[in-house]
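Taking the form predicted on its own, here's one chain by itself in structure tokens.
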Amino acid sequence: MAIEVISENASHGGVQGVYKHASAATGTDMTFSVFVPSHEPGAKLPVVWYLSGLTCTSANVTEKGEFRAACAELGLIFVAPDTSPRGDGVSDDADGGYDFGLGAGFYVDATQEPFAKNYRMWSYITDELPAFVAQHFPADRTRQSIMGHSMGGHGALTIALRNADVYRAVSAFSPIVAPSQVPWGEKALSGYLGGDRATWRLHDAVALIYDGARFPDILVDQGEADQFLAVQLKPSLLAEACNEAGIALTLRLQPGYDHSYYFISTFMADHLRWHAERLY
């Protein structure tokens, strides 16, 4: 399992790297970024996984997320995968939409053609990439947590809810909490998984909670000036589900903040401290 170094830069006493490898899950080369803080030789560090949103790559949070100072202080490895497979021959949205196809993998394993061949982001994120990262970096797979933004918030919530024994913490910025009930999710889940809505429930955080999935506590930050809040995000649906299930949800509505990385970077350190408290 060879790793290709695209770049490595010293930052906050550690190393910010961007890497590429050949993925068996997606059948493509995949690029991801990793920040490793300064640490004692031989030490294993907890890992925070960050899942990005629609149209993004690993570069968005790496360049705009402002996470390295907090990760250096807290002793956290920060891993940012891509949002979909890419490359020649990888199917895209035939209509050219930004919310499906390239950059919009929705963290599912597609079952519908022509996407089933490459769009296996669930397997890539939950299985292949963690094993690969542990092989090449000082990552402690017994101490992992997950977070994400928008589509990536959807991915983080569903992955944590279905793997509560693997991840010690989960948080999200502006997550798509109920993709079965909003246009972004309906387009993606029908395109990747087909028309049977029963199969969508495994990739819908609100549905998972009503179906019995549990996680001890969840942190969500949502900008009140987010242009997607009312139609695509609907955090109140998550609040209702968590309340009924007895899940401790910290939902913070942030006045004046939108959907951008100006918002994410403002509260990134808060989220990383939340994760560190549960990883150490």
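Just so it is clear, the structure is predicted and the values come from calculations on it, not from any experiment. One rule holds for the numbers: they count along the sequence shown, beginning at 1.
The same protein also exists as the form predicted in complex with a further copy of the same chain; that form is not shown, yet it is the one meant from here on.
Taking non-hydrogen atoms only, His12 approaches a further copy of the same chain to within 4.5 angstroms in the predicted complex. Taking the partner from elsewhere, Glu66 is found to have a heavy atom lying within 4.5 Å of a further copy of the same chain in the predicted complex. Looking at Tyr19, you'd find every heavy atom of it more than 4.5 angstroms from a further copy of the same chain in the predicted complex. Using a 4.5 angstroms limit between non-hydrogen atoms, Thr26 is distant from a further copy of the same chain in the predicted complex.
Stretch-level contact check against a further copy of the same chain in the predicted complex with heavy atoms at 4.5 Å: of 230-238, 57-65, 40-48, 211-219, the positive one is 57-65.
Contacts between stretch 189-207 and a further copy of the same chain, counted in the predicted complex as any heavy atom lying within 4.5 Å, involve no residue at all.
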